[in-house]
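Below are two forms of the same protein chain, given as structure tokens: structure 1, then structure 2.
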Structure 1
Amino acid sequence: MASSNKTHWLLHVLFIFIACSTILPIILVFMVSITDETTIAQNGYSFLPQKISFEAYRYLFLDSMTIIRAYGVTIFITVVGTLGGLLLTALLAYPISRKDFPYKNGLTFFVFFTMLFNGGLVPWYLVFTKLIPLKDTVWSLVIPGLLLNGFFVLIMRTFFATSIPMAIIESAYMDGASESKIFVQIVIPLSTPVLATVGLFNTLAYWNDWFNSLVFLSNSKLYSLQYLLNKILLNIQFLAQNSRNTNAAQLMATLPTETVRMAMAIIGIGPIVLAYPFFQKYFVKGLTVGAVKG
């Protein structure tokens, strides 16, 4: 009994240490973002800023509509992309999880093959600009590369195959239910853990994506939040590297470069950090059950 209590205490201490190691860097980044730029240059980073300044946030929100619009674009592609990705993943994973589906092996191999090989960046770009004209549309941030992932299909397929009893499906057949009714009213409600797990992965992928904006967009009104922040960072680096120019040197002298980087990180985290608690209770079960090979 004493040994068990000691083990529990050690586990508590271990998890407190892990929690602190993940939370403290975020707190430090936030504190640096609200610290005066001159103070950072003199004393370095600190959890307790000697002089508080919101200059970095003021600089980022000089054109507040641009940030708000980018937030709106990112929230739209995250919601639509996650829901669409979950629907397509489930619709592909469910048939190949059924032993009585005649093309099960061929489709499973095709999904697995896409995880190992792809056509390359140039054919990928040509498909989504010439064959499917998505360039300079918001759908270019939703469909290419993110909507359907072979790894998630295999996770969901394994979950369906191992966690949905065939007897339930056969009983539904005997009661006269159709395939679509079985899928919507029986399979989906029993698959909450894997749907939440894949949904979380999809949400993070869409929220953090900036590459599609770089490749497909020239219209700045459609920039996602992450790409906009990345573009601001690149502009600051360009000015810093070319500060020998008189105008650039004057601009850099008034620009809170270090704190702006930290403020961008805080803005980039945004509401996505609040998504974890809602998915956490399903996350472990969905991932471990769905990841079993078979």
Structure 2
Amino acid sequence: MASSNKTHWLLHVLFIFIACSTILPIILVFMVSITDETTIAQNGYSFLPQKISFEAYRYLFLDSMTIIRAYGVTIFITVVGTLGGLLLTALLAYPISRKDFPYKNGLTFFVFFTMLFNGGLVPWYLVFTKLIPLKDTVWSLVIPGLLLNGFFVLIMRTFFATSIPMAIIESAYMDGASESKIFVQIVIPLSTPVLATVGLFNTLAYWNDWFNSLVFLSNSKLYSLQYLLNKILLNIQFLAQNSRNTNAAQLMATLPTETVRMAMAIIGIGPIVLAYPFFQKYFVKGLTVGAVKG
């Protein structure tokens, strides 16, 4: 008994250590963001600042247009991308889930092959800049790459095929319901678990995306939140250059660079960390769905 207590105790020590490793870096960034700039110049980043100051947040609040715009872009692409992506995924997954659809095997392979082979970045980039000129539009953050993922189509197909009895669909068809009516009124309501799963994956992909901004944008007005954060981490002056305040030089002089940088990070992490406890358990369920092979 004593030894089992001891191992349990060790288990807790191990996991508390791991939990600290994931949570403490975020706390460090937060503590830096509320530290006084001169304290940082003396002591560097630390968990227990000698002097606390909210100057960084005050600064960001005074000149918040850049951040608000980036938030707006990110919210827009997340909502439009998630809903549009879900619709496209479900609409493609449904026909190939139907046992009676004569072309389901060919179409399934058409989807599956996209998971095996791709053309690489260069031709993909040219498709969305030369053929379909999306460069420097907000749509370049919504459409290329993220909208529809073959893997999710296959997961949804498996869900439709295994959890929606063919008998229901057949009888509805016999009763004269159109295919679209069957899809909207029978299939969709019965599929909320898989829709929620794929929806969450889509939301996270759009919310966290910076790659499309990196590749397709030169207009800083369209930067998504993550890409704005990237720009500021590499070059804090970016914030001053892009502010509406015309007196950028003077602004730079008063800019508490280190704390503002970390305050920006907190503004970027905030929504995810705040929402995390609520959607985490759905996500865990979703991961389990995702682990089942297509």
Partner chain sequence: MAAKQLTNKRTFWRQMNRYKSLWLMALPGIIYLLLNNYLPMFGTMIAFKNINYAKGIWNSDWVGLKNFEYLFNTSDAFVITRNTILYNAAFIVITLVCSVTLAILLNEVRKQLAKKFYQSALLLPYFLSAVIVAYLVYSLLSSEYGFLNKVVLPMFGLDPISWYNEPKYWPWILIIVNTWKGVGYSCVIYIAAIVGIDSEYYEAAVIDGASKWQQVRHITIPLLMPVITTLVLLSIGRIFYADFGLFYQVPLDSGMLLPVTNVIDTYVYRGLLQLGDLGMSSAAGLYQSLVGFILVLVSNAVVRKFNRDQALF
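Throughout, rigid core stands for the largest set of C-alpha atoms superposing within 1.5 Å between the two forms. Predicted, not measured: the structure shown is a model, and the values here were computed from it. All residue numbers here follow the sequence of structure 1, with the first residue given the number 1.
Participant: Give me a 1 or a 2 for the form predicted on its own.
Facilitator: Pick structure 1 here.
Participant: Does residue 56 move its CA by 2 angstroms or more between the two structures when the core is aligned?
Facilitator: Shift at residue 56: 2 Å or more after core fit.
Participant: Comparing between the two structures on the rigid core, is the C-alpha shift at residue 260 2 Å or larger?
Facilitator: The answer is yes, as the C-alpha of residue 260 shifts between the two structures by 2 Å or more after core alignment.
Participant: Superposing on the rigid core, I want to see if residue 66 changes position between the two structures - specifically a Cα shift of 2 Å or more.
Facilitator: No, shifts by less than 2 Å.
Participant: Once the rigid core is matched, what's the CA displacement of residue 46 between the two structures in angstrom?
Facilitator: Displacement of the C-alpha, rigid core superposed: 6.3 Å.
Participant: Relative to the superposed core, report the C-alpha shift of residue 18 between the two structures in angstrom.
Facilitator: Comparing between the two structures after core fitting, residue 18 shifts 8.5 Å at its C-alpha.
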